[in-house]
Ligand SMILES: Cc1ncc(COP(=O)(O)O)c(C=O)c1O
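Take a look at this single chain, the form predicted alone, given in structure tokens.
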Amino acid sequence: MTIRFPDPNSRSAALFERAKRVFPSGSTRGQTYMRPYMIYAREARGCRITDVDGVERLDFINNFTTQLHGHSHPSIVAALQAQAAKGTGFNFATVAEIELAEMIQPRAKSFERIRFCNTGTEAVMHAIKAARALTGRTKIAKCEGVYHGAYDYAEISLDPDPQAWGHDDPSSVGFTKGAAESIQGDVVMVPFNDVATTRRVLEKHKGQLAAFVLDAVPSRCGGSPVTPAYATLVRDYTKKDGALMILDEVVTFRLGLGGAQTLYGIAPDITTLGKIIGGGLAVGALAGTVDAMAAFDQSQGKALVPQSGTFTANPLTMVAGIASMKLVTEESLSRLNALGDKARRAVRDAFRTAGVTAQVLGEGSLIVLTFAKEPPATYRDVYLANAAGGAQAMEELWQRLLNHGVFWSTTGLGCLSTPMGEVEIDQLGTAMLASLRAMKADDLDRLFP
């Protein structure tokens, strides 16, 4: 059994060599890429994942926050097995899509109408298209460095360096090489939670914006939640200016029955959803007001925004989503969020005991770790901390956590699943402390702030 990573003699290492013969760089999904080779999963149950070498680890990534109920939950497995025996996809609608929508709709006041798609990226893309169709405008505003999926417009200024920050207003720069300048010109950048700068920038584009896209707890800003003043500014400005407010809850919908909007009192025009509403399968959704969702109404002919997809609302995803959402109760989320508080304390205690400075933020069952001297509030804070050694420190910590039985993210993001309890949180704290001590023993103190 492989007990350490990397091990050139492991089965994962051999599989990676095989993968390199069919995939560029040996990977078909950026999020699973690792150096010097990728780890391959064999199976997963509850909150633990076992690789092809037989090594079991606590999963604090959960397919990047998707598996709220962990892996192979009996109710979800049973629903999938029953549906697979009936059919995996039809060119007809199914009762399951109505049932899942009916379960989601009451969870937030703004969810007057719902429409499914296949990913969070698609949800954001269609929401932006709807805003443009309804307003007749092309520009959108978003916060610097915040991730909203792989749509060209949503990717603008995803990882801008200091040269793009500007003295007054952030510049809009492409993420992928070859991003069209015309796209950059249609995306207005503002710094997250900076009320004064955001207000000034928005006023410069008065009457031009179709929408403002906001994430209430962006992990790439260190996990700090949106301030009431900032949320109010965005909502008031969009209403006054005739633009739509799009709230990206693909990740944050796990924070409460109605997501972040019910926790922070935000009333968006359109909310984008994904992750937990699909029970572990690929899913996306838009939920919004009757007026906003009218952009997709095709009852009178061609919709303002035609939206479809071969696998949209496929029955497997719908029944898995139903099983998942039945488990998302006030009680289950309250327990998980309280466990998240305990996990953040355990991680902070490990850093304090090890004598290493870091910031441990996040909300509810989301945990964001940043090697920084002070709590980060914006993307720029995280960028500077990472550039000063934080990114390398996180990479080193990630590898040591792997070897202490914990699977974390190299970005610093971690999350909990409902099968976890205090035993798993204690294991996390123990693994974190052992990993930090191993880093110090290897003379990696130079990476710490």
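Keep in mind the model is a prediction, meaning the values are calculated, not measured. A residue's number is simply how far along the shown sequence it sits, counting from 1.
We do not show the form predicted in complex with this ligand, though everything after this point is about it.
Partner contact region in the model of the complex: 141-149, out of 76-84, 223-231, 236-244, 141-149, criterion any non-hydrogen atom within 4.5 Å of this ligand. Residue-level contacts in the model of the complex: of A313, V251, A343, A211, one residue has a heavy atom within 4.5 Å of this ligand, and it is V251. Proximity to this ligand in the model of the complex, taken as a non-hydrogen atom within 4.5 angstroms, holds for one residue of G280, G364, G259, G120, which is G120. Although the partner is absent from this view, K275 contacts this ligand in the model of the complex, with a non-hydrogen atom inside 4.5 angstroms. Taking the partner from elsewhere, D215 is found to have a heavy atom lying within 4.5 Å of this ligand in the model of the complex.
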